[in-house]
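To begin, one chain is listed below as C-alpha cells, in the form predicted on its own.
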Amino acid sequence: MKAAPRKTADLSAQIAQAIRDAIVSGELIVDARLPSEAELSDQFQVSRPTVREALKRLAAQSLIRTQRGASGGAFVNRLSFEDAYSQQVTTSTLLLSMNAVSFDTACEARYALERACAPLSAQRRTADQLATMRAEIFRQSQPGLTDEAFCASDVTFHRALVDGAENPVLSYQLAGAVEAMQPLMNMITFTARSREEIITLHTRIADALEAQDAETVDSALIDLEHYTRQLAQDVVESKRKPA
C-alpha cells in the first residue's frame, strides 16, 4: 500500500482510501489480514488513533471485518451485493438531492435502466417475484392506504421487477434508480396521480411478465414513463397559476 498524502487534516480518510485502493486493485485479497495498527501507524507515519479511525471507516463500508483473539486483527471482507446495496441507495439519494437533478433527467434515467432489465425479467422472473408484484397491486388498491404506504408499495413492486432479471449486478446498479429516484418522483407526483391508472399499468406489467411477454412489459413501462412525466408537468404548471 502506498502511503497516503498529508495535504489535508483528515488523514484517516486518506489512509482508508489507500487501503481501499489496495483492496480494489487486488493487492489485498479477500480474507487477507491487514497489517496491525502499530504497523500501519509506522507505515503512514500517523498516530494509532488515526489508523483506528481509518479502519472504522473501512468497516462501515463493509470492506473489512475485525476479529479478536490471538489470531485476530483486521481482515479484508468478502463484500456481497446485498451489503453494498444500501450504500448505493444512500449515494444515489445524496447525488439527487445535492446536485439539483431535474425531474426529467431522473425520470429518463430511471425508466431507461428499468426497461433494460425488462427482457431478462420476462425470461427469468420467479413465482415468488410475481407473487410479490401481485400482492403490491392488491395493496395499492386498498382505499385506506396512505400516500406514504402507496409510494413504498410502488417501490417494492418495481424492485421485484428489477430483481426478476436474476442478475445481482443489475439489481445493484438499479438500486439507486428504484430506491432513490422512484421516491423522488413519487414525492413530486403523488398529489396529482390517479392510483387507478398506476394500478392498471402495474397490472399490465405483471400480466406481461407472467406471460413472458417482454415487448408488452417494455410498452407498459414507456406508458408509465409518459404518464409520470405528464403528471410532473401538470404539477409544475398548476404551481405557476396565480392563486
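The structure presented is a predicted model; accordingly, all values stated were derived computationally and were not measured. Rigid core here is just the name for the largest C-alpha set that superposes within 1.5 Å across the two forms. For every residue, the number given is its place in the sequence shown, counted from 1.
Below: the form predicted in complex with the DNA, not depicted.
- 66 is the sole member of 66, 43, 200, 216 with a non-hydrogen atom lying within 4.5 angstroms of the DNA in the model of the complex.
- Contact annotation: residue 10 falls within 4.5 Å of the DNA in the model of the complex, judged by heavy atom distances.
- At a distance threshold of 4.5 angstroms between non-hydrogen atoms, residue 36 is in contact with the DNA in the model of the complex.
- Taking non-hydrogen atoms only, residue 162 never approaches the DNA to within 4.5 angstroms in the model of the complex.
- The DNA in the model of the complex is not approached by residue 61, whose heavy atoms all lie more than 4.5 angstroms from it.
- Exactly one of the stretches 47 to 55, 206 to 214, 170 to 178, 191 to 199 approaches the DNA in the model of the complex with heavy atoms within 4.5 Å, and it is 47 to 55.
- Taking the DNA as it sits in the model of the complex, the stretch 67 to 82 comes within 4.5 angstroms of it through a non-hydrogen atom at 67, 68, 69, 70, 71, 72, 73, 74.
- In the core-superposed comparison between this form and the one not shown, the C-alpha atom of residue 15 has shifted by at least 2 angstroms.
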